[in-house]
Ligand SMILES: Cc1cc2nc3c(=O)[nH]c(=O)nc-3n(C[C@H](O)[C@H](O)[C@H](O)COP(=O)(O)OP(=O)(O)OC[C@H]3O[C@@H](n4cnc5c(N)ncnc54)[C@H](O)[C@@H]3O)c2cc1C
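A lone chain, given as structure tokens: the form predicted alone.
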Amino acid sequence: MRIQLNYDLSAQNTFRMKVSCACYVEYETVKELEGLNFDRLPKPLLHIGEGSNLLFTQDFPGTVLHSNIEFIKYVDMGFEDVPVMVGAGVVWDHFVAETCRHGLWGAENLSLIPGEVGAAAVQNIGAYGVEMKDLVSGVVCFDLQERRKVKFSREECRYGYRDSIFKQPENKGRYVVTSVLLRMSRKYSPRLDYKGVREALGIPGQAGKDGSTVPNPVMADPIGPLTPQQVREAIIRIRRAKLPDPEEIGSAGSFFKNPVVSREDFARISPDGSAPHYDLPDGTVKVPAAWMIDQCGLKGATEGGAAVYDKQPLVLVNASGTATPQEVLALEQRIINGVQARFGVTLHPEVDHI
């Protein structure tokens, strides 16, 4: 276990904000976490993963906790489904890489998403037609309020779009994820709904307006059977082509949630229906925030050292390497105001503001 006071958090957030915390605690086991004297730690408490979905807006006055619980345990009974228990501190993409090497399906579309397994279960990360909730069977936590271990089934996690029970106001900061039970599969089950994924793999398909495709049912994988590793490599190529490497440019990934609007509002936003969109089962429509930001002429916009990434307007970056939280916040508000004025839609950040 490591406990440090007045700790520099620059390396603990992918935005590379120059902030610090009153106390930093890094633990190796659940036993170490349970043995902490929480009453003596500076408050409030904040648990982070790789800090890949955070914007620290100032120095943090309390204690930042970080898990180094790193294990991957397969429960292989020889069936199609393969349960895997994973420590919360395992880097998410390391887990994806390992399961793909073993030929297991499920996580390949979530390749190269930054963060750790525990945070992924809290955030319900998602990309290219797959969300974390599709894989989760259960989540094991330490309840900081009652100081005991608790377990949540997938249903009890109440997953939604970038949401879970752990992010609800009444629970935020209460539960520390220590491990996650994930369900992988040997069954051949590539998810190739998105046009970009099929194109990267050389598979044709009819493009939808949302960027997805409607595959020809009689043309299943015309290039031959795929492997999880092949799909993973395609996803990595796509992400590297349009997203900044957080090791080179500070960012927190997708900064805004894609807004969901009524059919009437979508008709107002795009009278001819040509705007990219995704029709949801409840009759509403999801519109890419990136498209809206681009239509407002804000791709590449700057505010001091902060900028809208020129290859993907959904991403804000620490372009100078010295951007301040105030500059990022100013750019965020400028984008919100611009989209509101142009489309009458209020964007909401996906990134947690601390």
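Keep in mind that this is a model prediction, so the values were computed, not measured. Sequential numbering from 1, following the sequence displayed.
Absent from the display: the form predicted in complex with this ligand. The rest refers to it.
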Quiz item: Since the chain is shown here on its own, which stretch among 184-192, 169-177, 266-274, 98-106 would lie within 4.5 Å of this ligand in the predicted bound form, judged by heavy atoms?
Solution: 169-177
Quiz item: Using heavy atoms and a 4.5 Å limit, would one call Glu50 a contact residue for this ligand in the predicted bound form?
Solution: yes
Quiz item: Would Arg158 sit within 4.5 Å of this ligand in the predicted bound form, counting heavy atoms only?
Solution: no
Quiz item: Is Pro114 close enough to touch this ligand in the predicted bound form, meaning at least one heavy atom pair within 4.5 Å?
Solution: yes
Exercise. Using a 4.5 Å heavy atom cut-off, state whether Ala127 contacts this ligand in the predicted bound form.
Key: yes
Quiz item: Thinking of Arg239, Pro246 and Gly253 as the candidate spot, does this ligand come within 4.5 Å of a heavy atom on all of them in the predicted bound form?
Solution: yes
Quiz item: Using a 4.5 Å cut on heavy atoms, which of Ala323, Val308, Ala290, Leu54 is close to this ligand in the predicted bound form?
Solution: Leu54
Quiz prompt | Within 80-101, the residues that have a heavy atom no more than 4.5 Å from this ligand in the predicted bound form | solution = Ala88
